[in-house]
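Heads up, the chain below is alone and in the form predicted alone; it's given as structure tokens.
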């Protein structure tokens, strides 16, 4: 193998920590980032000069002030392994190609971000030390929106807010599907990480169509129908001819996506949001058993969220408003606060879409099944003034808000948030077991069970927000240990993560088996022999 491997990166990180072993926490945080293996100070200086020649002085960052935003992360990093050594922000695909070729020459690894707002998963920080952030925020053009086909073609720096503003300005009646922090997030970045939203178009990669990718050697490839001369179907037909490769560029380090096509949802004539309120934590299995057949049959067409009360409360409250005792907040305290806010211990949000007639026909079927689970089925009539209902009703029609950033303030202004997202079949017994295991592990470390379930067609995403005070080194270390225990013990039950943050990419990758890792390594070595693109991304070196 001629590229950079995991051992080399971890060796550099360990050496850097050893050199700083005598420093206090704040002093270590100010220590200079470690350069990547095989990159000297002199060659790094030459690389910066060449990159400035491509993008201009203002768009290359290598000093502490310029890198401040790139170092910021909500996830635990007690050993300071995830600190970039520099950043560069190109404005065109040609500039990306030039940067990649310079990086190849100097063997400088690049960590690509779209807007760098992957909050709770590492933001813009790299998986391994010594990487330079390739920030695509300036590539922010909306290249095409086709109102007839309901498609869009965008660059990676485009945000959901920017795309929504475009639709509004041009009076195009199409809906986006957004993650919870849509205004600042990138559709390209979220799709490449296989993120989800809350309309019937909630599986973002399913509704992606066509990519332009800069390969590790600097060449540009267009997938699907995009490589055809004079093609008019790039955003209309996903598959093209021969092997389908788009998936290889999701959650990987095999290329840099510089354009992406996506399908948008036509605005339906009728949209009706609902909430089902269940009073007890133990109701979780009954909810899933009631919801699964409705999702499999697409009677409920959207990804729906079964929100735990503590998660809901954390959006708009501080922990001290709910619990001031030792250890994890008790179910009794959470239940009391939830009831005061017209919430249950589980609050499940879904919507019906279609015509007035079709929604009216389906609603009684859905109501009957969900009422039988012991829940109260509520609509805007009963819950219209409730901020949590409003939040989810907005998301389920592709609307934008930043309410869930409030989670990071749960324990004060420390801003510690790490998402743990194991997947399981949509079966009640597995849901109950997952809930019990999560509460056990979090309780062991004194953290709260602030969690939700996203119910897909046949699967559950158990979305656990590990909330901690990142300004407290001891608590950050405890959060890191807790997170790793959750990954390990959930994995032992067959519940591996579908997505993870930079601190745990190796740990999660190991759960998918050595054959998978060897195959990824084989591909990586074939297309990126110098290991330039994002070494360590998804555990791939």
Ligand SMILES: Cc1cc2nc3c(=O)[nH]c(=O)nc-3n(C[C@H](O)[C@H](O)[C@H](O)COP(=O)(O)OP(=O)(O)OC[C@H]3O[C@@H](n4cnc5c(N)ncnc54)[C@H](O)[C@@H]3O)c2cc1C
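Computed from a prediction, not measured in an experiment: that's the story for all the values here. Numbering follows the first chain given and starts at 1.
There is another form of the same protein, the form predicted in complex with the named molecule; it is not shown, and what comes next is about it.
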With the named molecule left out of view, which of 276, 314, 103, 113 would have a heavy atom within 4.5 Å of it in the model of the complex? 113
Only one of 224, 398, 156, 308 comes within 4.5 Å of the named molecule in the model of the complex by heavy atoms, so just point that one out. 156
Select, from the options 229 to 237, 250 to 258, 375 to 383, 281 to 289, the stretch whose residues sit within 4.5 angstroms of the named molecule in the model of the complex by heavy atom distance. 250 to 258
Residue 499: heavy atom within 4.5 Å of the named molecule in the model of the complex? yes
With a cut-off of 4.5 Å between heavy atoms, is residue 419 one of the residues that contacts the named molecule in the model of the complex? yes
Closest heavy atom of residue 77 to the named molecule in the model of the complex, within 4.5 Å or not? no
Contact test in the model of the complex: residue 131 vs the named molecule, heavy atoms, 4.5 Å: no
Across 180 to 195, which residues bring a heavy atom to within 4.5 Å of the named molecule in the model of the complex? 180, 181, 185, 186, 188, 189, 190, 192, 193, 195
